[in-house]
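Presented as C-alpha cells, the chain that follows is alone, the form predicted on its own.
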Amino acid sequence: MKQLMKKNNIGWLFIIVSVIAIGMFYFYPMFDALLLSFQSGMGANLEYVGFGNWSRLFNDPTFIQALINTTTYLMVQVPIMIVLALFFSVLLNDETLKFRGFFRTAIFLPAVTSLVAYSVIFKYMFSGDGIVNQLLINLNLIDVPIAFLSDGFWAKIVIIVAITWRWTGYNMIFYLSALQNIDKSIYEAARIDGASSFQQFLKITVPMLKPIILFTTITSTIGTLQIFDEVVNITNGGPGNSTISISQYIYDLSFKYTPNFGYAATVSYVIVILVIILSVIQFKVAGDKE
C-alpha cells in the first residue's frame, strides 16, 4: 500500500507543474473575467453593478449589430468551407491525379500566411481600383466598379471569401489524413456492387469521416465566433458597423471608446455562451449516441 501511494505521489510530481500552469493561465483568467462582467469601469476604479452589464446587452444597438454580423459569418462561411474542404480532400486523395503534392500544398499555404498581410491584400484586391474590379470591367461583366468595401452587403461577402480562402486548406488536411485510414477494400467492394462515386462518397466517405467533420465544424465555429483580424484590417467594422464582429467590439470597448473592462468582459462571455450552445447542438446532431 505504501509503495502504491509512493508511486502515486511521484506521478503527481510529474504533472503538478502542468496542473498549476493550466489553472493559472487558463481557468483563473476565465473565472476572473466572469467576476469582472459584474463590474463596471476601468483599472482600479471598478464598481459592482450586478447584472447591469448583462441587461445593457439587450439595449446596445452596436452589440446587437455585432452579434448579427458574427452569426451571419458563421452560418454562411462555415458550411461553405466544410463542403469545399471535403471536396478538395476527396479530389486530392485520388492516386491517379497528377501533381497531387503541388495542389495539396497550394491549397494549404493560405493557412500559414500572416493574418494581417493577407487581410491587407484582400483589401487592396477588392478596392474600387483593385484587381477584382479591373478584371470584371475588362471582361465586360460590369460598367462601373462595385463598392465592395463601402457597401455593407458586399463588405460581408469580401470577409466571408477571405476567411474561406484562408481556412479551407487547413480543414482539408484533417480530412486527407482521415481518408488515408479508410481501407481501400471498402471502396473496391462498393464498386463491385455497382455503387457510383457519388454514392460511395455519401455512404462510405461521409460516415467514416463523421468524427473529423464534427471536430472541424466545432473548431471552425469557435474560430469564426472570434473573428477579428479580417474585419479590422479589411473594413475596420464599416461601413457604419455593418461588418463589425463581437471580438472587434470587445477591443473597441476596452481600448478605443471610454474603457469599460467590465462591459467588455460581459460581451466576451457572450462568445463563451454561444460556443457552448452551438457545440452541444453539434454534438447532439452529429455526435455518436454514446
Partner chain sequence: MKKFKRPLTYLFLSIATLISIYPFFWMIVSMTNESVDVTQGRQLPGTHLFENLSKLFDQVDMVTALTNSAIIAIASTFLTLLIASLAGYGFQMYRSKGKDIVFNILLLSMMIPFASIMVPLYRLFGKISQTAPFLGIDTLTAAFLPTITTAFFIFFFKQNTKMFPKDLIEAGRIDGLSEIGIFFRIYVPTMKTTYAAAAIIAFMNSWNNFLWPLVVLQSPDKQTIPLLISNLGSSYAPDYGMIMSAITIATLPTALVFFFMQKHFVAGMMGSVKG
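For clarity, a rigid core is taken as the largest C-alpha set superposing within 1.5 Å between two forms. Predicted, not measured: the structure shown is a model, and the values here were computed from it. Positions refer to the first chain, counted from 1.
Heads up, the form predicted in complex with its partner chain isn't pictured, but that's what we're talking about next.
When contacts are defined as a non-hydrogen atom within 4.5 Å, all of Ala33, Thr96 and Ile121 contact its partner chain in the predicted complex. You can rule out all but one of 182-190, 146-154, 71-79, 105-113: in the predicted complex, only 105-113 has residues with a heavy atom within 4.5 Å of its partner chain. Although the partner is absent here, Phe261 sits close enough that one of its heavy atoms falls within 4.5 Å of its partner chain in the predicted complex. Contact check for Ile204: no non-hydrogen atom falls within 4.5 Å of its partner chain in the predicted complex. Although the partner is absent from this view, Ser197 contacts its partner chain in the predicted complex, with a non-hydrogen atom inside 4.5 angstroms. In the predicted complex, no heavy atom of Leu57 sits within 4.5 Å of its partner chain. Along 11-40, residues Gly11, Trp12, Phe14, Ile15, Val17, Ser18, Val19, Ala21, Ile22, Met24, Phe25, Tyr26, Phe27, Tyr28, Pro29, Met30, Asp32, Ala33, Leu36 each place a heavy atom within 4.5 Å of its partner chain in the predicted complex. Shown in the overlay between the shown form and the other one, fitted on the rigid core, is a CA shift at Ile273 smaller than 2 Å.
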